[in-house]
Structures are given as structure tokens and as C-alpha cells.
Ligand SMILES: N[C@@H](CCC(=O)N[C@@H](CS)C(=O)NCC(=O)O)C(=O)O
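Below, in C-alpha cells: the form predicted alone, a single chain.
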């Protein structure tokens, strides 16, 4: 079997795919592609016409878009199921992944983390206004996710209850960046169920193994 994940280690979307592969126990090759480089990597546009990451190539089958990749990994390989069978629980998983893509990534990662953490580490000045804008949006999305956890009948270990799902894997890499910012960690502390969830996820072997650093 030939399986290659083309991705950028710091990318939260690459990490979501790597987490799915790790949870399924699938061996693969990681081909580093920097989508922020001045020129696309040689031949990469033939795999991904939009020059984003990740892209999965499995025995000649080329697939891009993270949600499609993680769902394919769960369906194509043996190992613990990462998608629930119950239609309503599956719909909740899809809803959370939609929330992550639409409302989590930009404010928590591109605004708060990039401007409060990543840019200062590179010796650059982050934009305080971007951080504040990101925090304002983050408060709303964290409250919405906490409410979904509150709505469950029992104390959930994962976003959908007692079983790990792709929803957890799509969210956790973004939350890991968010809480690196002092302001992000302070806000996150206001949501105890999300905090407990993050503690559970961040101690899993898959999370440790896919640390981009």
C-alpha cells in the first residue's frame, strides 16, 4: 500500500488528518508542503489546484479538503470508528466540524494565535486589534461549544459523549494554538467542560505524536 499525506506540519488541518491516521493506527509518509512559500512546491498543483494542505494520495487516489480526507481515512482503514452510526449523533459531529471551519479557525488561530504568539516568536509585531477582534468572536464560539456539551445527558469525555470522533480531531489542534496565547488561555478557563475535554484530548498518544514541534 502506498499512502502519502502532503501537508505542512504547523497547519491545524494537516494535524487533523494526521490525528485521524494516528487514531486508526495507519502508517503513512508525510511529504512536507509549505502553502505559504512564494512558489508552489514542484508538481503540487497537479494534486491540489488551490495549493492548500493537506492532500492525501492513497494508491494513486488523490483527495484534498480536510473533511473529505478524515472521513475517507475512517471509512477506508480498519481500527476504531471515528464517526457515530446514529444519524443524530453523526449530524452533531458534522455540525461541530462545520462550526470549526466557519467560526473557530479564523478568530482563534489566524487572529489570536498568529498575532499574539506566532508573529512575536518570529520577532514581528502582531496587531493588537486583530487579537481583540479574534477574542470577541472566540467568546461566542466557545459559549456555543460549551452549550453543546451542557446539552448532553451525562458528563461527556468527548464532544459527542463517551466516544472519540472526527469532531474532536478537527477542533483540538485549533484549540491547542488558541490556549498558547495568554489571552486565549484566560478566556478558555471560563468554560470548564471544554477545559476538561481539552485536557482529555491533549494527553492522548495521537496528540503527542502529531505535535508540529
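No experiment lies behind these values; they were computed from the predicted model shown. Positions refer to the first chain, counted from 1.
The form predicted together with the named molecule exists for this protein as well; it is not shown, and the discussion that follows is about that form.
- Only one listed stretch (22 to 30, 50 to 58, 144 to 152, 180 to 188) carries heavy atoms within 4.5 Å of the named molecule in the model of the complex, and that stretch is 50 to 58.
- Every residue in the set 12, 36 and 105 has a non-hydrogen atom no more than 4.5 Å from the named molecule in the model of the complex.
- Proximity of residue 70 to the named molecule in the model of the complex: non-hydrogen atoms within 4.5 Å are absent; the residue sits far from the partner.
- At least one heavy atom of residue 110 is located within 4.5 Å of the named molecule in the model of the complex.
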